[in-house]
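As a starting point, one isolated chain is supplied in C-alpha cells, in the form predicted on its own.
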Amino acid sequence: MSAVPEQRRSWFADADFELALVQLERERPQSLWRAARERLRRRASVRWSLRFLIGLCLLSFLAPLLPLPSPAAINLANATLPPQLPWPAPGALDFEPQYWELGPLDAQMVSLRTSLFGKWRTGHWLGTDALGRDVLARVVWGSRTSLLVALCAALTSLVIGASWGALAGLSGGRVDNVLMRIVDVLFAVPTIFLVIFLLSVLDAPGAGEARLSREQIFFLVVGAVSWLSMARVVRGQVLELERSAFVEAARAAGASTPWILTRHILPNVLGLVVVNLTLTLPSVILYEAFLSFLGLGVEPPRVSWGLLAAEGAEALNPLESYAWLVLAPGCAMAATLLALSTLGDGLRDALSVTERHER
C-alpha cells in the first residue's frame, strides 16, 4: 500500500509531466473575447486610439468644470485674435458664467467650477472668433454635441437595430418580409428632407412650450435612421446562425423564438454588432457636421464641431486669413474620426473568426 503513493509522488514530480502541463495550457482553446483582447493588446495604434477616445470623453463631460472661458461670452475687443506661441498670457481674472440654458447637472458643475477657480480662466490659447469668443472653449463644448449624437446613434443601433434584424432573420417568412420592407421604406426617405420636415412641423410657430428644440429634433432624426444598416447586417448574420446545430436543437427542444434570440442568437452576433458600432460612429459624426454646416443641426448659441466649421468657413476671405477658426474644429474632428476608425479596424480584425483560426 505504501508503494502507490510513492509512485504517484515521483510521477507528479517528473519534469516531463510539468512540461506536458505547460504544453496543454498553451494549446488550450481560448474564448473569442479573451483571444480578441490579447490581439488588441499587441496593437499599439488601437491602445492609443482607445486612450485618446477615453480622454476625449472625459474632457467633454467635464467641460463645465474646467477653467475655460465661457463658450458663449462675447467680447468684441478681443475679436479674431490668432493663436500665439508661446502664450503671452496663460490666464486672466475676468471669467463670466455666460452660457445657454444648461441642464441641472451642467449647472451644478458650472457652480462648482466657480467655487474652485473663481474668476480665473485660461487665456485664448487657440485664438478667438469674430465675436471674441474663445475657440478652445467652443471646441471643447462642441465635442459634447458631436459625441452625444454619436452615443445616441450607437445606443439606438444597439437596441433597435440589433433586435430588429435578429427578430426578422429568426422569424422568417411573412414577419421577415414585413420588417425588412419597413427598413427599405425608411432607407428610401432622404434624411435631409426628413430633417427639414421635422423642423418645419415640430419647430413651427404656435407649438408653444411643448415644441422640441432643434437639438432634440436632430437626435430624434439620427436615432430614426442610424439603426437601419445595423438591422440589415444582423439579419444576414442571423440567417447563417439559424441553420446551425445549436439553434435547431433549441427549436427541437421546444424553445420559443424570444428565448432563442436572447440566449443563442444575440450573444453570437455581439462581436459583429460591436465592430459595426465602432465603424458607424465616424459616419454619424460626419453626418452631424454636414447638417450643422448646412444650418440644419444645432442652433446657436449652442455649439458643435460642424457649426464651428461653418462659422470658420464664413470668416475666410481673400483679404485676411482666419485659418485657425477652421483648423481647430477640423483637427479635433479628424483626430476623433481617425481614432474611431483605428479602433473599429482593430476590433474587426480581433473578432474575425478567420484570423482567429489562422493564429
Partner chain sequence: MSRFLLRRALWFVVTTWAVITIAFFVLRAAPGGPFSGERKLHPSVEAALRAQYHLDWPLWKQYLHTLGPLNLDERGLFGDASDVFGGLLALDFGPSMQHRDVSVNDALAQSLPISITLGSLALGIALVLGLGAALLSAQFPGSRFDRLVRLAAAAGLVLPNFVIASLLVLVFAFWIPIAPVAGWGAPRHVLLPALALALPFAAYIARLARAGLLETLSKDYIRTARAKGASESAILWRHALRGALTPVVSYLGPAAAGVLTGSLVIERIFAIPGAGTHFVASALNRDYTMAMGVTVVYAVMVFGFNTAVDVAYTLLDPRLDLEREA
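This one's a predicted model, so the numbers in the text were calculated from it and none came from an experiment. Residue numbers count along the first chain shown, from 1.
Unshown form predicted together with the partner chain; subsequent notes refer to it.
Here the marked residues A309, N317 and L338 all reach the partner chain in the predicted complex, each with a heavy atom within 4.5 angstroms. In the predicted complex, the partner chain sits within 4.5 Å of a heavy atom belonging to L294. The closest non-hydrogen atom of F197 lies within 4.5 Å of the partner chain in the predicted complex. Contact check for L58: every heavy atom lies farther than 4.5 Å from the partner chain in the predicted complex. Though the partner is left out of this view, P67 does not reach within 4.5 Å of the partner chain in the predicted complex, counting heavy atoms only.
A heavy atom within 4.5 Å of the partner chain in the predicted complex is found for one listed residue only; from L281, A289, A231, V149, this is A289.
Of the listed positions (V189, A224, L102, V159), a single one reaches within 4.5 angstroms of the partner chain by any non-hydrogen atom in the predicted complex, namely V189. Residues of just one listed stretch (160-168, 141-149, 117-125, 179-187) have heavy atoms within 4.5 Å of the partner chain in the predicted complex: 179-187.
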